[in-house]
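Below sits a lone chain in structure tokens, taken as the form predicted alone.
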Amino acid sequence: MRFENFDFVRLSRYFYMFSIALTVAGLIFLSVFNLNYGVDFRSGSNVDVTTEKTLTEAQLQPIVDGLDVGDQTTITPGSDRINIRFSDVLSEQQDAALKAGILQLDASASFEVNTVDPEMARELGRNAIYAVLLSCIGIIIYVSIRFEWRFAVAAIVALLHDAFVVVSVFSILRLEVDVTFIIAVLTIIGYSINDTIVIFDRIRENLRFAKIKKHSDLVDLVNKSVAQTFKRSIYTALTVLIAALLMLMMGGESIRMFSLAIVIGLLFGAYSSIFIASPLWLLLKGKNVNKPKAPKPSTSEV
């Protein structure tokens, strides 16, 4: 399939509306429901139990109730793995009682207990925000130096769009947000900026030899540049997406949310590079194309 005559710019109007609708929906869900934070960002204990027998929630609930650790406890059973999340930090006695109760059901059970106190949870939350902000600032500086400020603005809007879409999907579906989610968001930012830079590089190269006299010339240049890099963007996204999907299906429970965030981010990263970043640069650049030049001061008045 050839894309030389495909009008990406005209199609981007509909994708702008889709992205705005998705952003509004994400803002509503975040303001009403917030995120489903994991133990990493709120205090409590998270217990992963690996078993040989299949244990049910009905078998585990009496053991958890006997610990007297509050009502906000969730049990997620699996065929050979169980996750139990406590909103409070387990004491040594409660930890020992929990293990003893489960060992009575399955003597071969093994445990992985992760505990985060309130101060550590606040510190992890602050560090996660700093990591995302610093990465965005670094990208702004890099793109501004390598290209110009219009490219930097368009790239940052696309990156924030990708990161926010992932956050919105996790809020809407009430998926758990932990440290691996932040790693996934930073990975998505890195992938998305790389894809965007490739297209911007082609626009800059074509711009160097183009004669831009009117706005339609600039539209043609953007369409031509996106078409020249379209197959590369799609093939790269598909290659990484296949690996991410395999990781999601076969990677195990501990990295499931990380893999899911990567899959969502990859899809929207490729989408935003083509239909958000480049048309947005066109919007910023196009304001100067038809603007009449200021008249030169007359030398006769001097």
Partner chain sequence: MKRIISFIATVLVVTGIMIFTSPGLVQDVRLGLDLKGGFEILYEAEPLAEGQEVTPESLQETAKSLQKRADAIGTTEPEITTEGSNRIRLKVPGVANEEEIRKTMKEPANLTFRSNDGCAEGEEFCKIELRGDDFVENAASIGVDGLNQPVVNIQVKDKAKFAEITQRLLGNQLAIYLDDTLLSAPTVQAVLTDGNAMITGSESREEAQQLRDTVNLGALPLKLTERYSQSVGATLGMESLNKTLQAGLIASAIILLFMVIIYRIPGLIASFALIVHTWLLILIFVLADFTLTLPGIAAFILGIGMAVDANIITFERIREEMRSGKSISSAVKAGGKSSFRTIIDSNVTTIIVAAVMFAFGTGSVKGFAIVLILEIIVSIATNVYFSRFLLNLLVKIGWASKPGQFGVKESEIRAL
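No experiment lies behind these values; they were computed from the predicted model shown. Positions refer to the first chain, counted from 1.
There is another form of this protein, the form predicted in complex with the partner chain, and it is not shown here; the text below is about that form.
With the partner omitted from this view, the residue of 85, 150, 215, 204 that lies near the partner chain in the model of the complex is 204 [heavy atom within 4.5 Å]. For the residues 63, 267, 69, 243, the 4.5 Å heavy atom test against the partner chain in the model of the complex is passed only by 243. Shown here without its partner, the chain carries 34, 76 and 167, none of which come within 4.5 Å of the partner chain in the model of the complex through any heavy atom. When contacts are judged by a 4.5 Å heavy atom cut-off, residue 271 does not count as touching the partner chain in the model of the complex. Heavy atoms of residue 262 reach within 4.5 Å of the partner chain in the model of the complex, making it an interface residue. The shortest heavy atom separation between residue 116 and the partner chain in the model of the complex is within 4.5 Å. Within 4.5 Å of any heavy atom of the partner chain in the model of the complex lies no heavy atom of residue 221.
Taking the partner chain as it sits in the model of the complex, the stretch 105-144 comes within 4.5 angstroms of it through a non-hydrogen atom at 110, 111, 112, 113, 114, 115, 116, 117, 119, 120, 123, 124, 127, 130, 131, 134, 135, 138, 139, 142, 143.
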